[in-house]
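First comes one chain, alone, set out as structure tokens in the form predicted alone.
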């Protein structure tokens, strides 16, 4: 198993936000975390990345315990995290953002940048444009491409399609599928639950900081209780 979070209890002081959740995906799989507001979805991603200290539970990467490894070291181990907000350097160009994403590399990564342009063609056309002046969908492409510059084993995405036009939602979803097809494990928090579960190898439905359902995306989409409570019927 690429990433395994077991019996995670965590929060921000006071009552825990997560009350013993379990998450796990393998290389090349897409895992999707859905649920109502306040369910602990983003907190779960932050726990996997090490941004929140766990009260209880463990996180392992490819079988190695990383529970107490700080976020910067988790990046070096192959975990990339794209937060929902403030996920690009708005004053830098697209190419400079990608170069910043390669900060832990000491090799010639020009071919990696070319690879990102192949994965996200609009970025090649906008390579010298200031990232903060791009459309929302293009900025999200920059954020994901920057996170991929280290060649991660695991990519964590918090609300990658929020606020985007339908066309860009489709584009981002298609790029996520292409990233997973390269062998990268992708764990996503997504409000667009139905669309995200359509591409999910495994889905985690959280409520009140607990796993309510865990199953394949297809099975969750076809579960009448999940559809009624979390997918709008």
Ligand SMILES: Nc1ncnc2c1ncn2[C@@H]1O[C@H](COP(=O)(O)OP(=O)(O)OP(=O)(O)O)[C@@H](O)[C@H]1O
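In this text the structure is predicted, and so the values were computed from the model without any measurement. Residue numbers count along the first chain shown, from 1.
Although not depicted, the form predicted in complex with the ligand is the subject of the following passage.
- The shortest heavy atom separation between residue 186 and the ligand in the model of the complex exceeds 4.5 Å.
- With a 4.5 Å cutoff on heavy atoms, residue 38 counts as touching the ligand in the model of the complex.
- Under a 4.5 angstroms non-hydrogen atom cutoff, the ligand in the model of the complex lacks residue 115 among its neighbouring residues.
- Using a 4.5 Å cutoff between non-hydrogen atoms, residue 159 counts as a contact of the ligand in the model of the complex.
- Partner contact region in the model of the complex: 41-49, out of 195-203, 41-49, 23-31, 174-182, criterion any non-hydrogen atom within 4.5 Å of the ligand.
- For the marked spot (17, 84 and 191), a heavy atom within 4.5 Å of the ligand in the model of the complex is present in each of the three residues.
- Taking a 4.5 Å heavy atom cutoff to the ligand in the model of the complex, the one contacting residue in 2-16 is 12.
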